[in-house]
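For reference, the chain that follows is the form predicted on its own, supplied as structure tokens.
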């Protein structure tokens, strides 16, 4: 099989673990030149492992909840490789799981910053480079949790990701820039190296989280969580030329749950 990403420069955010790390591993095996971005320094180990396997990979530490962080990442990618062909916006994820009336204003803001602004800033920061080279591909990682339980702020953030995906696709199609989103459902992954919420859960919080898990599996026709490969492969499909006639699409990857 022909490697889909030979000499393509791919920026992957949230690449230290989980779906982002698996996207990086699979893309590296198909020839991508990688800029791996994360707020956690574990990402440096991921880049080192891929370099040991012969990949061209660099790690960049950044807080993508800020414009300055996103702007610096894209500038560094351009400096390292001279272009940016593909951006995979993978940062995000539920921090809390609870009925909406229990969220504090601070928690709501944090959920939006983590799961919307990281993508919004990164898309804005990459555009000048893609416009200058007259082309590029953006894959945003959304979620089917836009319809679900215990995650109103997170669902709102991912609903925003869906909206910006379609609007950007419409606005930049004439510039040869494609913008799509994959919307994962529940995903089996190793325990996080750094918990999103380090505070020990109360019994009530555990029950709320269990209701989220139950809803996730019940709404999937397959009644199970997906694997990392089952999430990474659709993302890479959207990033590849195999999806060259697709833009503005939100692709659910949740065993039949459309979100």
Ligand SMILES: NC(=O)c1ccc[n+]([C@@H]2O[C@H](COP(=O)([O-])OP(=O)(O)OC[C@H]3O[C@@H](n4cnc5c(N)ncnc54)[C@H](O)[C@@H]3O)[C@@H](O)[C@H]2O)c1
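The structure presented is a predicted model; accordingly, all values stated were derived computationally and were not measured. Numbering follows the first chain given and starts at 1.
The form predicted together with the ligand exists for this protein as well; it is not shown, and the discussion that follows is about that form.
Engineer: Of the residues 206, 199, 223, 192, which one places a heavy atom within 4.5 Å of the ligand in the model of the complex?
Structural biologist: Only one listed residue qualifies here, and that residue is 192.
Engineer: Consider the chain as shown here, without its partner, and state which of 65, 30, 233, 49 has a heavy atom within 4.5 Å of the ligand in the model of the complex.
Structural biologist: The option sitting close enough to the partner is 65.
Engineer: All three of 18, 154 and 187 touching the ligand in the model of the complex at 4.5 Å, heavy atom to heavy atom?
Structural biologist: Yes.
Engineer: Going by heavy atoms within 4.5 Å, which of 77-85, 98-106, 162-170, 135-143 lines up against the ligand in the model of the complex?
Structural biologist: Among the candidates, contact is made by 135-143.
Engineer: I'd like to know if residue 93 sits close to the ligand in the model of the complex, meaning any non-hydrogen atom pair within 4.5 angstroms.
Structural biologist: Residue 93: yes, in contact with the ligand in the model of the complex.
Engineer: Is residue 118 close to the ligand in the model of the complex, meaning a heavy atom pair under 4.5 Å apart or at it?
Structural biologist: Yes - in the model of the complex, heavy atoms of residue 118 and the ligand come within 4.5 Å of each other.
Engineer: Any chance residue 178 has a heavy atom within 4.5 Å of the ligand in the model of the complex?
Structural biologist: Heavy-atom contact with the ligand at 4.5 Å: absent for residue 178.
Engineer: Residue-level contact is defined here as any heavy atom of the residue lying within 4.5 Å of the ligand in the model of the complex; does residue 39 satisfy this criterion?
Structural biologist: The answer is yes: residue 39 has a heavy atom within 4.5 Å of the ligand.
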